[in-house]
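In the block that follows, a single chain appears as structure tokens, in the form predicted on its own.
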Amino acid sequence: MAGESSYYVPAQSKWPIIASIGLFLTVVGAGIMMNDMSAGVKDSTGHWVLFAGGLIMAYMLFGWFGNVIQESRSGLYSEQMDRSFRWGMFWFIFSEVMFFAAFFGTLFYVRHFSVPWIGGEGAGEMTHMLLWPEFISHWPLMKNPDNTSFQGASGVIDPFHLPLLNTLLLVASSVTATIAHHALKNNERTKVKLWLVATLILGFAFLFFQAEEYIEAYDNLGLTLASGIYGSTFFILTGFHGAHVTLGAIMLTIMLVRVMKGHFTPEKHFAYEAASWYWHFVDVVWIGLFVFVYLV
């Protein structure tokens, strides 16, 4: 059993090199896809490279985290190691905060600087007169300055329909995840399973309704990635958030499996806490999205 003064040093591992290969293929595949899409290539090989990279990453995560779980349950980790895991998760979430801060910053810059400048406000008066003297800036930008090349959308998503429903679903899922956490601290394992299942149902319902929202945007409103800066910022922000919700749901699903296998104790359950922190993070980000993307 590890003590406070000891720090577990793992044996040599294959997982870092496998992770490097997976990341390399994922990035290369994504780059090939984007280049081929821009060039109008129909038979692109990029998606196969991206898929291969994703499979390798999934294999790496399954194996590496499996090793960590085995080491933890074998009593090899000390309190110092536990603190290292907590700080690691903290910095990971901090990096995700900065990730979304960049996209929110882009939205702010576009809305309050770029579009008004093109419309002739402030420093953009000369550009406005030379390029698009008839353009009037407004947000959401439905009619682009060059509306022949970038056809704008015919409308925006009603915030008080699916977006509001999804907000309620995610807020409720934060509550159920917290109840499950308290049940785990009290060693009420049946309650943990029930509330975790409820959290997952709410999370996957969110993803289902977001897919419905995207279908409505593409089919009925003409709101696509090609519909101008409004469509681009809308899908980048909501799409990346949806990817994070998917990751969080996968993490909580693994926690449910581990609870059913008898893992965790009221004193030691950091893996669940880490997944819960991440889930609360994506919930908070969605509230920001609901306000700044849909409402204002």
Partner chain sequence: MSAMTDTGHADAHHGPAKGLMRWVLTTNHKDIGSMYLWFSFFMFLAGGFMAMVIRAELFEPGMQIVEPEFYNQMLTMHGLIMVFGAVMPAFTGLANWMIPMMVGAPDMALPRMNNWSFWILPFAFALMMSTLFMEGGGPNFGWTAYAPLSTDYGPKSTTFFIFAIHMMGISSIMGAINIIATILNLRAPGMTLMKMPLFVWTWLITAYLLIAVMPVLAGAVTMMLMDIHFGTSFFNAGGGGDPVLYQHVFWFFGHPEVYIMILPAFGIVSAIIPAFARKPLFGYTSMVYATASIAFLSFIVWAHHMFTVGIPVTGELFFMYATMLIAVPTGVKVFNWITTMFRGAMTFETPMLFSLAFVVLFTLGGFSGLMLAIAPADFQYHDTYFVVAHFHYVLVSGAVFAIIAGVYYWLPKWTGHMYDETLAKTHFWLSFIGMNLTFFPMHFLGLAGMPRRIPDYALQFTDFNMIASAGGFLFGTTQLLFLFVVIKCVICGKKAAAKPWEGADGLEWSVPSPAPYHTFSTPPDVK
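Residue numbers count along the first chain shown, from 1. Under this definition, the rigid core comprises the largest set of C-alpha atoms superposing within 1.5 Å between the forms. Please read these numbers as outputs of a predicted model, since none were measured by experiment.
Not pictured, yet referred to below: the form predicted together with its partner chain.
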item	value
Contact of Ala58 with its partner chain in the predicted bound form (heavy atom, 4.5 Å)	no
Close approach of Ile118 to its partner chain in the predicted bound form, 4.5 Å, heavy atom	yes
Touches its partner chain in the predicted bound form: Pro163 (any heavy atom, 4.5 Å)	no
Non-hydrogen atom contact Phe208 with its partner chain in the predicted bound form at 4.5 angstroms	no
Answer range among 173-181, 190-198, 74-82, 208-216 for contact with its partner chain, defined in the predicted bound form as heavy atoms within 4.5 Å	74-82
Listed residue (Leu247, Val257, Val68, Ala52) with a non-hydrogen atom within 4.5 angstroms of its partner chain in the predicted bound form	Val68
Contact check for Phe62, Phe204 and Leu221 against its partner chain in the predicted bound form, heavy atom at 4.5 Å	no
Sequence-ordered list of residues in 99-113 near its partner chain in the predicted bound form, where near means a heavy atom within 4.5 Å	Phe99, Ala102, Phe103, Thr106, Tyr109, Val110
C-alpha of Thr45 moved at least 2 Å between this form and the one not shown on rigid core	yes
